[in-house]
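Below you'll find only one chain, the form predicted on its own, shown as structure tokens.
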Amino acid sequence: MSPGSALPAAAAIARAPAFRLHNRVVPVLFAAGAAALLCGGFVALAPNRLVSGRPIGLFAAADWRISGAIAVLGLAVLATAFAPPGRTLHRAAAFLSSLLVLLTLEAAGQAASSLGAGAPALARISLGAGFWVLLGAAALAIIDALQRAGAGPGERLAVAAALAAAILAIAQAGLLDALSLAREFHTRQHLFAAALVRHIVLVAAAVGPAVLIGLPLALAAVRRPGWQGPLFAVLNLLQTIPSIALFGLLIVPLSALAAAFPGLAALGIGGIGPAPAIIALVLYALLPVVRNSVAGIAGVDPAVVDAARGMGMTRRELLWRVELPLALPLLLAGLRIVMVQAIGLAVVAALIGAGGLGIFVFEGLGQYAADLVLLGALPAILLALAADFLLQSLAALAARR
């Protein structure tokens, strides 16, 4: 480069702005969290569990040191959006956002303890809209930072495990005990454990049979393409039936079976309880299992199939050693949909006596107790997120093979 051409380039660099926005996601999340804290309540103080609380902002409810630390951490995360991108920077942003999540929880617990100290015994301190928006913004910032850093499944799992362990340590230390949600949990602690196990059992009892039924149906549809139209028509029809209606439709035939065959009733099969819930969940799960299995198996490269046949593989060997391994990413994608869908629908199954986390949701709705609703809804959401994360990680590992 000649000296004459270097001078305009140097002048252009000198005129370049000192700061440039490299990440548009973080400023939006920061604006949402700041607006929620300034305009909404961080916690809500109510005279009892049945009355809507009075919203109280973060800076009025929590200690100034904690609220100030939250503000500083938020600004630090925002500053990463203007720095030149790099893996180290993105990992630092994920670390700062994780600290923001933990500090937000600690601030909520500290605010509840401070407000509850001078309140009547029946008073309840609930989490406000500002808390949820700030917590959600910080969690999304973690996900965004890990994606930009190109974190693999192992690193993401390590971050999630460390964050979960830290949150559990905060809860075990009693820092959240003054919150109404924690008080609802302590009141129903033994019932909660049984409901959580029952919920997981319902999901497992539905997903397992759905895979065992759906995979042979998908194989039959791949081998005989003419079957795909009627098969998917039936499965799509099942998806259009509302869950409550399907539960109701199963009550009459299952009750008749239990009356005709007392042995079935002794096994717990009847018009209400887990039996109709599991059957309905299996029916809902069949469409994603079959559709993704058909797409995965039919999408295997024909040249690979011809090569395997040329090596003398039988149809069974071709299926287990070639087609299913190559279709595994799509099979896991279908299983992700099934798991998340089943976890959500199992909440509704509590209406027909199936148990699970839905008992808290509907009990809370009947009592107009929002924190009791959250006691059932939040674990269901966390279960769905955990299942989605684990299966997504397995699908990513399978795609790399």
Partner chain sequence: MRVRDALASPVLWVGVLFVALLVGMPELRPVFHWAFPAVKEPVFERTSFVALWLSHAGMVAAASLAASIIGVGLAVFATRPAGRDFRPIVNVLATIGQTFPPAAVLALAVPAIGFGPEPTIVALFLYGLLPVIENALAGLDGVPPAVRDAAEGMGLSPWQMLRDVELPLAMPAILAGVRVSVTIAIGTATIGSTVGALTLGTPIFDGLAGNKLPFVIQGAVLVALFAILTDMLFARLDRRLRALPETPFGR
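Here, rigid core means the biggest group of C-alpha atoms that superpose within 1.5 Å across both forms. Residue numbers count along the first chain shown, from 1. Just so we're clear, the structure is a prediction, and the values are computed from it rather than from any experiment.
Omitted from view is the form predicted together with its partner chain, to which the following refers.
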| So, in the predicted bound form, is Pro216 in contact with its partner chain at a 4.5 angstroms heavy atom limit? | no
| request: Look up in the predicted bound form whether Trp64 has a non-hydrogen atom within 4.5 angstroms of its partner chain, and give yes or no. | output: no
| said: Contact with its partner chain in the predicted bound form for Glu106, defined as at least one heavy atom pair within 4.5 Å: yes or no? | reply: no
| query | Taking heavy atoms only, is Arg20 within 4.5 angstroms of its partner chain in the predicted bound form? | reply | no
| message | So if I measure heavy atom distances to its partner chain in the predicted bound form, which of the stretches 30-38, 43-51, 56-64, 358-366 falls within 4.5 Å? | response | 358-366
| query | Which of these residues, Ala160, Leu249, Ala123, Ile170, gets a heavy atom within 4.5 Å of its partner chain in the predicted bound form? | reply | Leu249
| remark: Checked Ala303, Ala245, Met311, Ala259 for heavy atoms within 4.5 Å of its partner chain in the predicted bound form; positive is Ala245
| Heavy atom within 4.5 Å of its partner chain in the predicted bound form: which residues of 341-372 qualify? | Gly344, Val347, Val348, Leu351, Ile352, Val361, Phe362, Leu365, Tyr368, Ala370
| said: So, superposing on the core, is the move of Arg198 at the CA at least 2 angstroms between this form and the one not shown? | reply: no
| field | Cα displacement of Arg291 between this form and the one not shown reaching 2 Å, rigid core superposed | value | no
